[in-house]
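As structure tokens, one chain now follows by itself in the form predicted alone.
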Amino acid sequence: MAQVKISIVGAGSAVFSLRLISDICKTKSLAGSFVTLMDVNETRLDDAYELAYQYARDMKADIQFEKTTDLEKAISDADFVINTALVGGHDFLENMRKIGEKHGYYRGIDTQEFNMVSDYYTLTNWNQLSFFLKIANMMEKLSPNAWLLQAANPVFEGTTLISRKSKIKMVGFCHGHYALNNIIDALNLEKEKIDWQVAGFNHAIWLTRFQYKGKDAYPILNEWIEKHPNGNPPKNPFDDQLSPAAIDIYHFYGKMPIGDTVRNSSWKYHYDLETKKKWYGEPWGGADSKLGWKWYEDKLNDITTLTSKSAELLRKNKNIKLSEALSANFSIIPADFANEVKNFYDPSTLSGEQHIPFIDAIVNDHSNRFIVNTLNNGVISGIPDDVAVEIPAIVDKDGIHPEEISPSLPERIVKWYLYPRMMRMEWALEAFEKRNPDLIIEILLRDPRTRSYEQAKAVVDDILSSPFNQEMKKH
């Protein structure tokens, strides 16, 4: 058993932290490890610590915890740093979106071609990108042999930026590839008999290989689409893997978009709410409409309320278990999270997040397959080596070993989708690194919502004048 120090930055996101803690406690080969929970929001940090501590006690897990608001303390001598932090939180994102919409940019200026996800900001997220580099620089000094596991968005820009500017070991993670399970379930296929592979960029991945019992499974998917030309009606705003948009994208590109790739589609699907409803279904029009995102924020607020009330109950009554504290408040949360909480106590069921199994693979040489974000280095033909790609890889004590992408991505995906998305990443990083707002204006001049130079300049000036962006304005 290996004893390591794992630091979770942004641990005030209690549910995500609890998923990681659950996985640590269930991974016996990490027994004796030390977990540091770090967040600048003391109230949410205290709640997350209370839930984590009680959960480990319930599970009789040999894990020690500490909490801190000091980033240096969290990073010092760490073996693994998991960054989940969103600087400014969702309040910042909504503030930037409102400024954008005031100037005629539907859903804000960070909504860009092939980057429609509502909390994946690249143009106004100077604070977030700066924080990424702050962590990397601090790790070089305080924990130079540690791994950085990047979970906070934007993962594509963040993984590329940090890998170019720092020598630390790092990997980016996302769970979008799990949406493939929705296809497998709809086709009534046995998961253990599926051979699959995805490749692309974060939130821009494609089902390159899809085989069932050793044979190409795309014909099975095509048969399903013939019977369901309008896809499946959504159960919630995020249920879009078999939406009309996904099917239409598949017809154009020749491979199925997976996970958030379905959301990160062209303006064809996103001009306005009615367009979104046509392609992503009623009543929300997908996760990135005003209605869909409100659904998500309401759910987040419910879960935050749940964790806060549960933590308070645990502080008042030290004799109850975390499961009892959570159960007392289940009436205020969605059923899917209630089911997830039940799985927390199943010792054979992990959360599905890749972070702790990745740590186990590195530390204990428990070789496993992961979907990782790492520099391309020749894996995807035609993409520069210093651009982060999202690909399958085997991970063991010697690090990350990318799979050969076979079959390779079609030329249409590379040239019509990945190249434009990559250039928007490069433009955003250049604007950030050179601290040049004129470059953001130049990006907006290529935006179909822009009607004049004056409009683009006004929105950028307004954003820079926001109290949230005083550091950005100084530079």
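Residue indices: 1-based, along the sequence shown. Note that the structure is predicted; figures quoted are calculated from it, not measured.
This next part talks about the form predicted together with another copy of the chain, which is not shown.
Legend entry - another copy of the chain in the predicted complex: contacted by all of P420, E430 and R451, heavy atom 4.5 Å: Every residue of the spot touches another copy of the chain in the predicted complex.
Legend entry - Contact stretch among 168 to 176, 289 to 297, 354 to 362, 263 to 271 - heavy atom within 4.5 Å of another copy of the chain in the predicted complex: Stretch 263 to 271 is the one.
Legend entry - in the predicted complex, the residue from K397, H401, K278, K134 that sits within 4.5 Å of another copy of the chain by heavy atoms: Result of the distance check: K278.
Inset, instruction - Identify, from the list F238, F92, Y106, Y253, the residue with a heavy atom within 4.5 Å of another copy of the chain in the predicted complex. - result: Residue within 4.5 Å of the partner: Y253.
Inset, instruction - Examine E324 and determine whether its closest non-hydrogen atom to another copy of the chain in the predicted complex is within 4.5 angstroms. - result: Taking the distances in the predicted complex, the answer for E324 is no, it never comes within 4.5 Å of another copy of the chain.
Legend entry - another copy of the chain contact in the predicted complex: A56, any heavy atom under 4.5 Å: A56: no contact with another copy of the chain in the predicted complex.
Inset, instruction - Consider F65 of the chain shown here, and say whether it contacts another copy of the chain in the predicted complex, taking contact as heavy atoms within 4.5 Å. - result: No, F65 stays farther than 4.5 Å from another copy of the chain in the predicted complex.
Inset, instruction - Check whether L37 has any heavy atom within 4.5 Å of a heavy atom of another copy of the chain in the predicted complex, and answer yes or no. - result: L37: no contact with another copy of the chain in the predicted complex.
Inset, instruction - Enumerate the residues of 98 to 132 that have a non-hydrogen atom within 4.5 Å of another copy of the chain in the predicted complex, in sequence order, or give none. - result: Sequence-ordered list: E113, F114.
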